[in-house]
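Quick setup: one chain, the form predicted on its own, written in structure tokens, and binding and motion questions come after.
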Amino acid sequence: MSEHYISTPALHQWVTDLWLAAGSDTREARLTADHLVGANLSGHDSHGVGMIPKYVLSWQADELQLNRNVSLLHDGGSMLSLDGNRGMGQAVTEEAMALAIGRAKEHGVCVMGLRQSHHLGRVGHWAEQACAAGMISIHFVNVLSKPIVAPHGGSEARFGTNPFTIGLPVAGAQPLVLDFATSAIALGKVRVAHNKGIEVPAGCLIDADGVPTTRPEVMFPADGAAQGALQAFGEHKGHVLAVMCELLGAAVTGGHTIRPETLTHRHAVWNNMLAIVFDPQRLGTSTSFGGEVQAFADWIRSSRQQSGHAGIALPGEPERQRRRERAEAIPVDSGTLAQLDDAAARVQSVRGASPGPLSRLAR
């Protein structure tokens, strides 16, 4: 399936205008565009503008709520419990992280639980927000949507892709950001492969019978057909990390874990997140921290490279490389482009206004 290129600034404006037309205020529309286009810029098309069609369906079903703010459920000084009120994840999570960063500056550390946020997107974005304020952050997230990942040894899906993230600021250098799904591949990447008509790498999927496959269509079956499942990364290791993300992200924060009893919505993706944000300066290691990071990075890169590898990357470096490559234009496959055109038409049908089809901006 062919790819089209859209000017990065034009894509950002289109996303902003779409959510303004749907009813978002200026802040929410801008933050949503910043985040989704930022994910594409970082090379994570799975969490980029391709999520918009699902967001629009959720909004039409009155599941995603626009222009919501977080509610303070419990204030323990250095511990905060917040409710996202099913608001746009890109807006309510930015607000939640700002509160956590403020408390970490005041107390040295903040443990923040956020429950009932609509899809909060690429979690690395929130680690980068903390790093920009000089904070280290650790994030455990669960995904309350249709189960899509099979437990290790199981042949049926039981949980979501449950991301785990760490952000580490480095004085005078770019931050190190570890951010990955606990599944072998994110569902969004399977969606992109399905839209492009290509296979996914081996070891990522099983079909409805539990048989390994590389065909992405097993995750998008025709009506009435059984769905396959993603596999956890690293066999039992990814499985147990996903379990801990589920429990820390949801059970500890007062959110729901994924079970038949809690899956009462059709389109929305709810996220619950536990974030630990702390100021490394309070540990009294500020004079040695940066030097140790650089020395360790140099030691890692001194390793002889394996044949076929272009270099040894540290967490966050691939994303920065993609941002340089995509600064002027972002690729969007034909299938995703058609889905985005449909999303704009849906907003038009409800609100009487939209930015029009994205395809008119494609080349």
Ligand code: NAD
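From 1 onward, residues are counted along the sequence shown. Just so you know, these numbers come straight off a predicted model, no measurement behind them.
Another form exists, predicted together with ligand NAD; not displayed. Remarks below refer to it.
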Location of ligand NAD contact in the predicted bound form, chosen stretch of 73-81, 222-230, 204-212, 161-169 [non-hydrogen atom, 4.5 Å]: 161-169
Exactly one of Asp179, Glu246, Glu94, Asp279 has a non-hydrogen atom within 4.5 Å of ligand NAD in the predicted bound form; which residue is it? Asp179
Of Pro216, Gly121, Gly87, Gly238, which residue is found within 4.5 angstroms of ligand NAD in the predicted bound form when only non-hydrogen atoms are counted? Gly121
Contact check in the predicted bound form: His44, Asn271 and Pro318 versus ligand NAD, with a cutoff of 4.5 Å between any heavy atoms. Do all three pass? yes
Do Arg103 and ligand NAD come within 4.5 Å of each other in the predicted bound form, heavy atoms counted? no
Non-hydrogen atom contact Val143 with ligand NAD in the predicted bound form at 4.5 angstroms: yes
Indicate whether ligand NAD has at least one heavy atom within 4.5 Å of a heavy atom of Ala186 in the predicted bound form. yes
Is Ala297 close enough to ligand NAD in the predicted bound form to count, meaning some heavy atom within 4.5 Å? no
